[in-house]
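Presented below, as structure tokens, is a lone chain in the form predicted alone.
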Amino acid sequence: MTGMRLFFFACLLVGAALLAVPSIPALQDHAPPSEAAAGMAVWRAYGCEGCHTLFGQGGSYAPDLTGIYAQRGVDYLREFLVYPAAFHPGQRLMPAFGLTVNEANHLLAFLEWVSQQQTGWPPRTIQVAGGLEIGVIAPAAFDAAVPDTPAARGEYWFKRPPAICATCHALEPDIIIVGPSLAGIATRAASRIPGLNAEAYLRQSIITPGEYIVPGFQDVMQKNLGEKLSAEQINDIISFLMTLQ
């Protein structure tokens, strides 16, 4: 009996080992190496997912970067990180984050690793029977009409291009996307900068955001909103923000 028990337990151990072996390569394939893992930490620390997506997950303000390393290559990406404004003039401006050499190397290693994981991304176009391909109809066609009142118009532009403030700022307390939450901003704005009332502070924050940086955050807000937005749109956004007591 003792011999049978030993044989039984030996078979269990061998079987468990055989089942475990095929799973090891799969785990290694999907676990990022140390440098890529460090790059993932950089990606999260600088809030990249607030504007970019990976495998469709993240912010929709900027392009999906799932396959960007394979598409553009390391030299292009390295130069882009140093001075992004030089590459796509007249389009949405990505801020220069001032990454260290190590941070840039790690981030590039992460994007390289992500490119190696993709299979079949982006997905094929979905066909709807009797209809058009997804993407044929412009998103603007589904937008509601611009409201009549200033505060309502401001909320409309807060959530839509060219301002699309909601990409980086939450309206719920203690929720951080990229920039600080704007819940209660009308109250805080009145005491942010001596000599500026709430409306003046909000206007400065939209047109020249680098003049005052909220402690704990980086100077990454889009710098050309004064050019992209009309005076009326800026006034409307301020009217909306002034309702956030």
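Note that the coordinates shown come from a computational prediction; the quantities given were computed from them, not determined experimentally. We number the residues from 1 along the sequence you see. The term rigid core refers to the most C-alpha atoms you can superpose between the two forms while keeping them within 1.5 Å.
What comes next is about the form predicted in complex with a small molecule, which is not displayed.
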**Prompt:** Are all three of L107, I206 and I213 close to the small molecule in the predicted bound form, meaning a heavy atom of each within 4.5 Å?
**Reply:** yes
**Asked** Counting only non-hydrogen atoms and a 4.5 angstroms cut-off, does G58 reach the small molecule in the predicted bound form?
**Response** no
**Touches the small molecule in the predicted bound form: M40 (any heavy atom, 4.5 Å)** = no
**Message:** Although the partner isn't part of this model, could you tell me whether T53 comes within 4.5 Å of the small molecule in the predicted bound form, counting any heavy atom of the residue?
**Reply:** no
**Message:** I'd like to check something about W113: if you look in the predicted bound form, is any of its heavy atoms closer than or equal to 4.5 Å to a heavy atom of the small molecule?
**Reply:** no
**Item:** Rigid-core frame, C-alpha of F110, shift of 2 angstroms or more between this form and the one not shown
**Value:** yes
**Message:** Using the rigid core as the reference frame, would you say D174 shifts its C-alpha by 2 Å or more between this form and the one not shown?
**Reply:** no
**Prompt:** Aligning on the rigid core, do we see the C-alpha of R78 shift 2 angstroms or more between this form and the one not shown?
**Reply:** yes
**Request:** Report the direction of the Cα distance change between Y61 and V178 in the predicted bound form, compared with the displayed form, as closer or farther; the change is 3 Å or more.
**Result:** closer
**Request:** Look at the CA atoms of G154 and Y46: state whether they lie closer or farther apart in the predicted bound form than in this form, given a difference of 3 Å or more.
**Result:** closer
